[in-house]
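So this first bit is one chain, no partners, the form predicted on its own, shown in structure tokens.
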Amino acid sequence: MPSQPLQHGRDAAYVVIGDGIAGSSAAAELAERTTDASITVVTAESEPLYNRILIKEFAKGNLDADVVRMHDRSWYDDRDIDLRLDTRVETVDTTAQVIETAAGESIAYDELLIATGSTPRSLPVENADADGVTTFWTINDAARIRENAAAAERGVIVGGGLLGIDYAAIAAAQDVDAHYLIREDHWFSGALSETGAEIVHEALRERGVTPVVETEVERFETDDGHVSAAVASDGRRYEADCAGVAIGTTPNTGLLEETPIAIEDGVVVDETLQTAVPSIWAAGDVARYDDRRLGEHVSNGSWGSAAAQGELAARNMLAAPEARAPFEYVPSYSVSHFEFPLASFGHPRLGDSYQERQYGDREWRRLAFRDGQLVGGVLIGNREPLQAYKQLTASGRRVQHQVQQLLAPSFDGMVPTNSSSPLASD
């Protein structure tokens, strides 16, 4: 990333809404690069930043809560960051440049970062709010899930994505005999083929979790207010002492409803992470940023991506407009619940064509291409080529015609360059 002139010592008020990894990273960057600025972090959560990657291990019973926590009050105090816990923002007045909290407090800003993240979607069926039915997002959720699973013999998981597989792993770790209900015909259907998904399905079965595909929950049954079963739309009944719902998330944009800020499945920002409203930025799950390689707005709130977005947004706030840098990042996500690794990179759902290869019973790869450019993929059983694939994705080169080389077992990132051109030049 090119160096940027920074306005050290600028006497300005920076407000960050959200203390996830995006908001916390932004606040840390602002603190490091300014001397006289006012930095305020406002969050509805009751405790400072914790590691969302590790909360699944906490829920499985493998880690204590203290290991998951990352920051305490002193971390913010040492950086002169004013942390406001248990503080919900109701509205943003973009004209007066003030945020209004639910308690009636007004906080003025010169630059504002929206890093409010997302909220898990609820299943719109009868008894979805029963005791024992949970969603999985916060450390408090993880504590409830851990407690429920420890007391359960049977469980149900709903949702065929990455959070769903975390739930399945928690059930397996707690010896819960669970049915995993997936609406599509296989797990992670936007990124995997049936061949790749079957490797995961079989691993789940070995751990006492049974995938049930092409099924939807019609209702939950209860016993004295506690979930006792899930009933599918085809009438099948799955007994459950606990149930986990992981059917996606919704960006937290409600506080911006009365503002001129563009909202489209998230806060719409340009390639520098700034909205069309001056002095307002967004980062993390809630941001829908302009990806210049793909030529469209996309969202990605994986841990590394969100941290990088927060840091870049802070640097761009401090930089002159002509020196602001674009967000260029290839995200990746790893699943470590099985004896074999599984990793996705880039945007494997956004391909217009796909190529895959199986190397063994539990080694498989799939690459997603768009206009000849590698835009994402999934690796099962061998993570070694991951960084090479990410670098090739970042290059924007058209390489689909070299797919046999890309899928070679020993692929190391080396492909000829004389017949490819950067996507950015088109």
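Numbering starts at 1 and follows the sequence shown. In this text the structure is predicted, and so the values were computed from the model without any measurement.
This next part talks about the form predicted together with a small molecule, which is not shown.
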{"query": "Sole residue of L294, L255, A172, I261 within 4.5 Å of the small molecule in the predicted bound form, by heavy atom", "finding": "L255"}
{"query": "In the predicted bound form, the residue from K390, R52, R370, R397 that sits within 4.5 Å of the small molecule by heavy atoms", "finding": "R52"}
{"query": "In the predicted bound form, segment of 75-83, 113-121, 234-242, 197-205 with a heavy atom within 4.5 Å of the small molecule", "finding": "113-121"}
{"query": "Partner proximity in the predicted bound form: L163 to the small molecule, non-hydrogen atom cutoff 4.5 Å", "finding": "yes"}
{"query": "4.5 Å heavy atom contact, F340 to the small molecule in the predicted bound form", "finding": "no"}
{"query": "T275 within 4.5 Å of the small molecule in the predicted bound form, heavy atoms", "finding": "no"}
{"query": "Proximity of V89 to the small molecule in the predicted bound form, heavy atoms at 4.5 Å", "finding": "yes"}
